[in-house]
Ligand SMILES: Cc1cc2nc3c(=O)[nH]c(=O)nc-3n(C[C@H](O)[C@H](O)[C@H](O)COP(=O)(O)OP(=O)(O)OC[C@H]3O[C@@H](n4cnc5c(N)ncnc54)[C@H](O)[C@@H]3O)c2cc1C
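This document starts with one chain, in the form predicted alone, laid out as structure tokens.
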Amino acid sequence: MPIQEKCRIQDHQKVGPRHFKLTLLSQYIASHAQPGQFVNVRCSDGSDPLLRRPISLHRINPEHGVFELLYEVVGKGTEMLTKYFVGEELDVLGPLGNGFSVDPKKKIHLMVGGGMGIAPLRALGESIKGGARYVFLGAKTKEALVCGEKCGEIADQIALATDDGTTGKKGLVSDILLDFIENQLTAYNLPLTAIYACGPRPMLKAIAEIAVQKKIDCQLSMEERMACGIGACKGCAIKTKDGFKMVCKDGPVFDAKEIVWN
């Protein structure tokens, strides 16, 4: 059950060219949130901008009653967020949506992030208690791989890809994922493997196709524009095999086999 709460800022720091990490205090949200869920943040005390901004939960620490948000400045709302300082409060609604589900029977966990799709992977990786964890990250440039080095703390192995080749392998993150599956896994391991991915739609489609081809269970965190965050406005509908569903309410995490890409 989400709540609306004034959350005090415990830390707020710049971590990339246009990227910030925000630490907020809320015992309720930190205790009830799951990796893959998100919160809706009001970016000002007034009515401009009118809509809240949905931001993935980057880390969740119920022991200390805090959670972290990793966000990129892409418009007026997120630009206004950067002006808030430690000790001030933000109006937050959450936790919202449905997150990742980790099957304890799986022994190999492949986490894939494209661009800001890295945001929910940290919390996911910290929640996986058994098995081997592998992280695959992709971005346009080295600078866009925000907090990528921190994912090494939640992974037995990390692989990087950039469009321009400034770090890691030049190419797509889906390519390094496929290479790993074909060269590091065996037919015996595939049923014990799970893929979790977040990123741009073309990347998610490519990963869904790999999962179907290799018969690997796969969960995708879909990125769509979300206005209300609770399924009321119907603005984030995507097509699934069971009809249209709302990313904010029914997702953002879906089974890859559900999604209709055409």
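Predicted, not measured: the structure shown is a model, and the values here were computed from it. Just count from 1 along the sequence shown to find any residue number.
The same protein also exists as the form predicted in complex with the ligand; that form is not shown, yet it is the one meant from here on.
In summary, among the residues 70, 66, 211, 33, the only one with a non-hydrogen atom within 4.5 Å of the ligand in the predicted complex is 70. Note on the interface: of 111-119, 160-168, 130-138, 173-181, the segment with non-hydrogen atoms within 4.5 angstroms of the ligand in the predicted complex is 111-119. Although the partner is absent here, residue 55 is a contact residue: one of its heavy atoms lies within 4.5 angstroms of the ligand in the predicted complex. Shown alone here, residue 76 lies within 4.5 Å of the ligand in the predicted complex, counting heavy atoms only. Although the partner is absent here, residue 225 sits close enough that one of its heavy atoms falls within 4.5 Å of the ligand in the predicted complex. Among heavy atoms of residue 196, none comes within 4.5 Å of the ligand in the predicted complex. In the predicted complex, the ligand lies within 4.5 angstroms of a heavy atom of only one residue of 228-262, namely 252.
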